[in-house]
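Here we start with a single chain on its own, the form predicted alone, put down as structure tokens.
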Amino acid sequence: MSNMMGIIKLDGAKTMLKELSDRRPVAALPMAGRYRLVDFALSSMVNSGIDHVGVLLPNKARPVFDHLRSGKDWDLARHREGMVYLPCDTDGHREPSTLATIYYNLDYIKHSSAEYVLFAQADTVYNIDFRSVLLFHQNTGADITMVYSKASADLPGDAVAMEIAGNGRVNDIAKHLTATKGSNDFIGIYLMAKETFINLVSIAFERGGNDFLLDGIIKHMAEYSIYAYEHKGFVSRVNSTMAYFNANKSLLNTDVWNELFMGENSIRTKTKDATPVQYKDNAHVVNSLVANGCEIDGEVENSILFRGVKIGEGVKIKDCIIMEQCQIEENAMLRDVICDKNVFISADQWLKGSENYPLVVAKGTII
């Protein structure tokens, strides 16, 4: 879709993700055994025909470079346009604001041939055809279109609720500490003309603003016609540890998995070659996602195992997320646990979190 460029914001609500976002932006969080959160926004853009994507770089961006690289796995390694990293001048001790990062890269955006800008925060699991959003935007004559979904339950974590009129026009926008069931839950996606985007960012930043939504959108609502597009497919925002846990476990649902990964527009990710899963004599796996390179000689139930995980004999794992290169030794028992990358659990250890709040084992921990 040559008339639309994408811009991706990599950091979401880090405060409620704690250890999981200490060393990585939210968009780099591992998902579903082999993916990262950013894959959902980026793949949706590419599948919608967008071949020009700018990635706003936060501090601690190394995991992003490692995963996205040249953009080849998304067919964005191109001589013209393709995927471009958009850095921001910073002293290295503080995180640059979204508005500042965009503002310092406005020349790049101005020189794009695109007519529209699709701006997405990459902290949400979805598979959206943005061509439908563009058609809605054009048919309504909106200055700005914001994408939302109906909250399926009361969800703790930073939320933005919208009051929407019968014709789809947004009457009010409010930030909350939780999304209530049935509310119009904004999922961090904006579509607008390039000139509107440039003007909005310039005015907001030059008047001392830091927050794109608050200083750019909410404070200038009277100046724009803002409409809301409802995405009726699966959506899971990752804005807390519990939300991350639930988002991964929801992918064990066959209907959700098929919608996200098995349709015509599937989710793409970085390609890694590894051996197939080795199920040894004592392996027993039920309703779980197991990535390639794993070795299993124990019991795994309702869990997600990322690449290269080793499960020893007699191990029992239930309702867990085990990230890359973790090793669980003989007779250990884990339930409601998130193990970040390269965790080592020695033999006979028992770890248990809560159904409503999982235990998080930080990256590289030895127990």
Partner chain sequence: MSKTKCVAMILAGGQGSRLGALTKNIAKPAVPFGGKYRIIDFPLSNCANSGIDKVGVLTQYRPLELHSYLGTGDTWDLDKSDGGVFILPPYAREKGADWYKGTADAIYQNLNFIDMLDPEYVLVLSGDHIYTMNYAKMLMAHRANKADATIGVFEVPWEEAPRFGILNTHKKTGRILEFEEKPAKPKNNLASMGIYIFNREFLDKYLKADAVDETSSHDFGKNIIPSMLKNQAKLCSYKFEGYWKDVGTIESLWQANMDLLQKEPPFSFNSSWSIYSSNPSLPPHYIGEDASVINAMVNEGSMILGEVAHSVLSSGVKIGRGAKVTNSVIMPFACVEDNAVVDHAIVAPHSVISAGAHVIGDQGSIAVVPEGETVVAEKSGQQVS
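Note that the coordinates shown come from a computational prediction; the quantities given were computed from them, not determined experimentally. Positions refer to the first chain, counted from 1.
One more form of this protein exists, namely the form predicted together with its partner chain; it is left out here, but the text below deals with it.
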query: Y224: touches its partner chain in the predicted complex, heavy atom cutoff 4.5 angstroms; finding: no
query: 4.5 angstroms heavy atom contact with its partner chain in the predicted complex for G208; finding: no
query: A274, heavy atom within 4.5 angstroms of its partner chain in the predicted complex; finding: yes
query: 4.5 angstroms heavy atom contact with its partner chain in the predicted complex for H231; finding: no
query: Stretch in contact, per heavy atom within 4.5 angstroms of its partner chain in the predicted complex, of 274-282, 121-129, 161-169, 238-246; finding: 274-282
query: Position in contact with its partner chain when the complex is considered in the predicted complex, options R335, H67, R34, K341, heavy atoms within 4.5 Å; finding: R34
query: The unique member of S202, T178, N292, T140 whose heavy atoms fall within 4.5 Å of its partner chain in the predicted complex; finding: N292
query: K72, M262 and S266 all contacting its partner chain in the predicted complex, non-hydrogen atom within 4.5 Å; finding: yes
query: Partner contacts for 221-259, taking its partner chain in the predicted complex and a 4.5 Å heavy atom cut-off; finding: L252, T254, W257, N258
